[in-house]
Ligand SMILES: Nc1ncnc2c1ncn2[C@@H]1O[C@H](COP(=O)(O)OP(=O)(O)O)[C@@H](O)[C@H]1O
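First, one chain by itself in structure tokens, the form predicted alone.
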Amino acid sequence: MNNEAVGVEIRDLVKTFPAFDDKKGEVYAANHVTLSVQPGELVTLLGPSGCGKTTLLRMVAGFLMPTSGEIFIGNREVSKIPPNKRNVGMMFQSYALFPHMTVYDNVAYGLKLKHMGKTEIRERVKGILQLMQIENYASRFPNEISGGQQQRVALARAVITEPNVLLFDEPLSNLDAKLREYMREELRKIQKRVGITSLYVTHDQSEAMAISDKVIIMRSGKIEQAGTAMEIYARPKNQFVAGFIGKANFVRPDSVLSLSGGKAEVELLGRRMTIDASEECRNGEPCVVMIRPEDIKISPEGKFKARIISKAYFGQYIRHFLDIAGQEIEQMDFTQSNAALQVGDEIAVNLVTDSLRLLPLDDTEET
């Protein structure tokens, strides 16, 4: 790749559609969204169906015009520029390969549209096929190669024109679980190697956590939280974010005794403790404590008495559902030393209090 990486800036972007079911008014698919993607970064838009992530991607691509707001690619404002003038590459969920063309011709297609010379096309296609490790399939047709190989062809076609920005619309969703895990690692390696600024849409939290420089959690057209996967997992702002990225138990505290400076003193499951608190928590308002399943440790010296309600073996870990002080709480045990425990056993557990977090209660989420 010869292009120097550029950033993407989205400023106060709005996209509305007419409301359905004869309701008056409009529905916000993007509700005053502002975000920055640094040059060379891979940023993932993550959220449930209908949260606005694909709408946002399509506006950056130019397939949808925003109702208002600005989109900058580098220093260039592009919100009113047609897609073919934005120098943006896009990789679709379906790959959209031409079935009547060979792998070579699929990859070369964009260069031919630019009226590039045959010798240069041949050299660039050869180079990108080698980068994607598919040079041995150049003469095959899409139906003669595997899903993973098709994915590499689609990626090769997207990057060969040297776009300033690469957009991914759930590109791995058609692959089986094992291949999806392998290909997300390969895709990330290739993205870092070519250094293209990338926006990636997915609803798969594991995928987002594995490949992203930054994750953006969306809901109802708005950004709920942005940060690294580690930041969002460990310090979610609210219950929706905590529940969407990773597994979490949400337990109502018996009482909140004090709340200030990002710390809360609470009565939880019959015991008093000091834990982290989200800046969105307010004195006197309903709240929950986030307990990640891996932060419950089975120990003979545990301070909390528990009873095993159910268990399931997953190889790398054992999942237990425990009754602790009348609350059903999920626990993940990675030690294998507790594999002999059975449903109905009475055990003792400790909580990793440094990892607990007080969050505002989300009335739209089950707790």
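Start at 1 and count along the sequence shown; that's the residue number. Remember, predicted model here, so these are calculated numbers, not experimental data.
Same protein, other form: the form predicted in complex with this ligand, not shown, and the subject of what follows.
Of the heavy atoms in residue 49, some are within 4.5 Å of this ligand in the model of the complex. When contacts are judged by a 4.5 Å heavy atom cut-off, residue 27 counts as touching this ligand in the model of the complex. When contacts are judged by a 4.5 Å heavy atom cut-off, residue 320 does not count as touching this ligand in the model of the complex. Residue contact check for residue 54: one or more of its heavy atoms lie within 4.5 Å of this ligand in the model of the complex. In short, of 27 to 35, 308 to 316, 328 to 336, 294 to 302 it is 27 to 35 that has heavy atoms within 4.5 Å of this ligand in the model of the complex.
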